[in-house]
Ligand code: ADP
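Given as structure tokens, the chain that follows is alone and in the form predicted on its own.
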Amino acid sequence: MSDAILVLNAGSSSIKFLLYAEQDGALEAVARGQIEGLHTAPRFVARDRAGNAVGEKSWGEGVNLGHEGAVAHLAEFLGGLRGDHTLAAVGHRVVHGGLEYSAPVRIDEDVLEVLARFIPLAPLHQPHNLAPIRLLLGRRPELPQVACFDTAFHSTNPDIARRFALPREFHDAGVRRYGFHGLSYEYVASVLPGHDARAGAGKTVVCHLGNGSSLCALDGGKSVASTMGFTAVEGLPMGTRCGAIDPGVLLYLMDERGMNARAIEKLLYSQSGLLGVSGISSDMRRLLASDDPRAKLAVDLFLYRIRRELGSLAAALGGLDALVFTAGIGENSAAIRAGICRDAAWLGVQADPAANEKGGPRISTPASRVAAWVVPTNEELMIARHTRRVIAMERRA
């Protein structure tokens, strides 16, 4: 019997999973899938490593399965799927680790209590990340669970990059820039040297572009600056999040529009970004396919903000050796990559249009002073690796 590690990524209305098994010292994906529509019309689908459906179920319209019902169904399904594998641990993506956690950690009730304190810093993600952890602690207290944090990779940022120009008491209390998408950036940093040794050891900006978007400056594979800050609403405009905004706007909304904190939260997190600007959709694919000038405006603003933030991170690095695209938009949208590379020509990026249309991996010309790459991310594998390491250290202790 070999060990298996289950990776869970829980959102507000879905739970994604990926089951890894130990094979010849490596982690191989056995099955993946998700339960979506947890509170409205739950639907479950799972596929094996070849992409074949190995499990499907629909509960129908109007059913509120919730996280508890979803976890119960996954436990039953995976119990019959593991075969010759023993479930050794569960690894979870947790968005915020605060000041306390700069590395993956084994979860117990005390750790869970600390992580719950960070819910106000990541209201879209943290409570849902913690829901299956709490359920499994109750159902299977003997099963090791490991939290892997999106903030941890950015703990290498210098103090000056983490500070706001606020009185010191606020900084000491934790009001600082944390950065997010760290598991994605960590994976890209781990495989980048295999694509380009100069990029892996040098000054690189990674563009994690998806429904949530950010940029990260890497120096020798370590994060030194990021566009996201105290929360995951900062930085670039995203699918429904506004990105950087003058704090004075928030004061205006309170004083002149009578909006309270919850109304402003809904505006910033759920009604802005690509959706808010276009009034059409938060989906980049739909906006790129549209002839509506509002869709073009949303795309143009997205590119413009990336252009400005890229220049900022290049300045923080003191130069640029490589530009890397990852995540849903970054990996799949040749048009967005082309626009970013065009805007980065002044930094030394010279795109190869044919290579970009094919999706890379290298999408810059041989003569380009700054190399441009497409590197698919794999946050789940990063979580599985961290989980295996934490459990192995416990066993050796």
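The structure displayed is predicted, hence computed values, not measured ones. Note that residue numbering follows the sequence shown and begins at 1.
Omitted from view is the form predicted in complex with the named molecule, to which the following refers.
- Looking at Gly328, you'd find a heavy atom of it within 4.5 angstroms of the named molecule in the predicted complex.
- At a distance threshold of 4.5 angstroms between non-hydrogen atoms, Asp283 is in contact with the named molecule in the predicted complex.
- Contact annotation for Gly243: none of its heavy atoms lies within 4.5 Å of the named molecule in the predicted complex.
- Using a 4.5 Å cutoff between non-hydrogen atoms, Leu288 counts as a contact of the named molecule in the predicted complex.
- The partner is absent here, but in the predicted complex a heavy atom of Asn211, alone among Ser102, Ser312, Asn211, Ser270, sits within 4.5 Å of the named molecule.
- The partner is absent here, but in the predicted complex a heavy atom of Asn332, alone among Asn332, Gln34, Thr365, Thr40, sits within 4.5 Å of the named molecule.
- The stretch in contact with the named molecule in the predicted complex, judged by heavy atoms within 4.5 Å, is 320-328, chosen from 141-149, 320-328, 220-228, 246-254.
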